[in-house]
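One chain follows as structure tokens, the form predicted on its own.
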């Protein structure tokens, strides 16, 4: 018995030593952040800003890999199955909390298969339309879509995407079902909105602010309870015809389950440094958002936030009766 205990302790000590050595060497090669949506979308924009700043802190290149499909679940599933060594990460938005309710055959556990690293930002959303859409303000838009519900098209980035959730809440709020046009990412959806192939959508400020300021699309309202500083002329949806409406998009960074704690801590440190970077702060401000406070850019804060959001969205999705295979 004593010999077996001694052997166990030696093996345990060796494992701890290897883990500590790995953590001390981390990272010694490029890190990849998987964005589970197409390039050019709002989550992709957030990821590229954060990746560049994290690269400086980690002293290694941080690459972005876009793995779109199925509302972000394809990319999330890939990271869930990746080695837990810190070199493959997931940057996902609110969809990480809605996927468990939306997908009957989810291939991963949104909580159990990941090690949270930290929250990144809370992003407001905007109701926008093609440049020549007839409605001049939010009240006119609501009236127009109700009158022309069989003709109006609403674009979204796919089931489970932020734009899908926002649209679902909007249609429920105005008690009008519209023809929805799903895309494989917000980037392609925005391209068709710019081209006039679809009528309107709800999208994050990180993807719409420059288009709004450039006069390329028509903007009606923001989805937060307070106005957005970068878009001061836009009213809130709550004050412009849909009382009580509020939805925003949060982003978080994750590693696969089993990633050593020292590696997670190192990544958290790099994320926090990135969120304090002056360029990141300015670019976020230009896009209508801002980094979270450092006490929220932690594994504990993201873990708690994810669980709260899962509990929040589950009854809403169940009531709406929307599911994906």
Partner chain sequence: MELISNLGMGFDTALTLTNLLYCLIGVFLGTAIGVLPGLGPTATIAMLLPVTFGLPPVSALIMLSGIYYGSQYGGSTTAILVNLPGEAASVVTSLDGYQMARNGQAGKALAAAAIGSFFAGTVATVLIALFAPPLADIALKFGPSEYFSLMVLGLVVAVVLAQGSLLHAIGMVILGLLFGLIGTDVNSGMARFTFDLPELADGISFVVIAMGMFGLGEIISNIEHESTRSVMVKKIEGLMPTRNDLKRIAAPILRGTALGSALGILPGSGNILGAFAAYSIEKKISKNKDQFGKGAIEGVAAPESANNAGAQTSFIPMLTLGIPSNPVMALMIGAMILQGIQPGPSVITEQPALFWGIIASMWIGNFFLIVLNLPMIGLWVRMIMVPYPLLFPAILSFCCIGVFSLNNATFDIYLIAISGVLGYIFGKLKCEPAPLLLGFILGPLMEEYLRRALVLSRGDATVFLTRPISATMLALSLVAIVIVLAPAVRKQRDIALQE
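Note that the structure is predicted; figures quoted are calculated from it, not measured. Think of the rigid core as the biggest set of C-alphas that the two forms share within 1.5 Å after superposition. Numbering follows the first chain given and starts at 1.
What comes next is about the form predicted in complex with the partner chain, which is not displayed.
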Using heavy atoms only and a 4.5 Å cut-off, decide whether all three of 45, 49 and 192 touch the partner chain in the predicted complex. yes
Among 265-273, 279-287, 296-304, 252-260, the stretch whose residues bring a heavy atom within 4.5 Å of the partner chain in the predicted complex is 279-287
Evaluate residue 134 for contact with the partner chain in the predicted complex, applying a 4.5 angstroms cut-off between non-hydrogen atoms, and reply yes or no. no
Applying a 4.5 Å heavy atom distance criterion, does residue 40 contact the partner chain in the predicted complex? yes
Even though the partner isn't displayed, in the predicted complex is residue 89 close enough to the partner chain, meaning a heavy atom within 4.5 Å? no
So, in the predicted complex, is residue 70 in contact with the partner chain at a 4.5 angstroms heavy atom limit? yes
Since exactly one of 101, 180, 236, 230 fits, which has a heavy atom within 4.5 Å of the partner chain in the predicted complex? 180
With the partner chain left out of view, choose which of 221, 202, 119, 159 has a non-hydrogen atom within 4.5 angstroms of it in the predicted complex. 159
Sequence-ordered residues of 77-113 touching the partner chain in the predicted complex, heavy atom within 4.5 Å: 78, 105
Align both forms on the core first, then report whether residue 114 has a C-alpha shift of 2 Å or more between this form and the one not shown. no
Is residue 164 one of the residues whose C-alpha moves 2 Å or more between this form and the one not shown after the core fit? yes
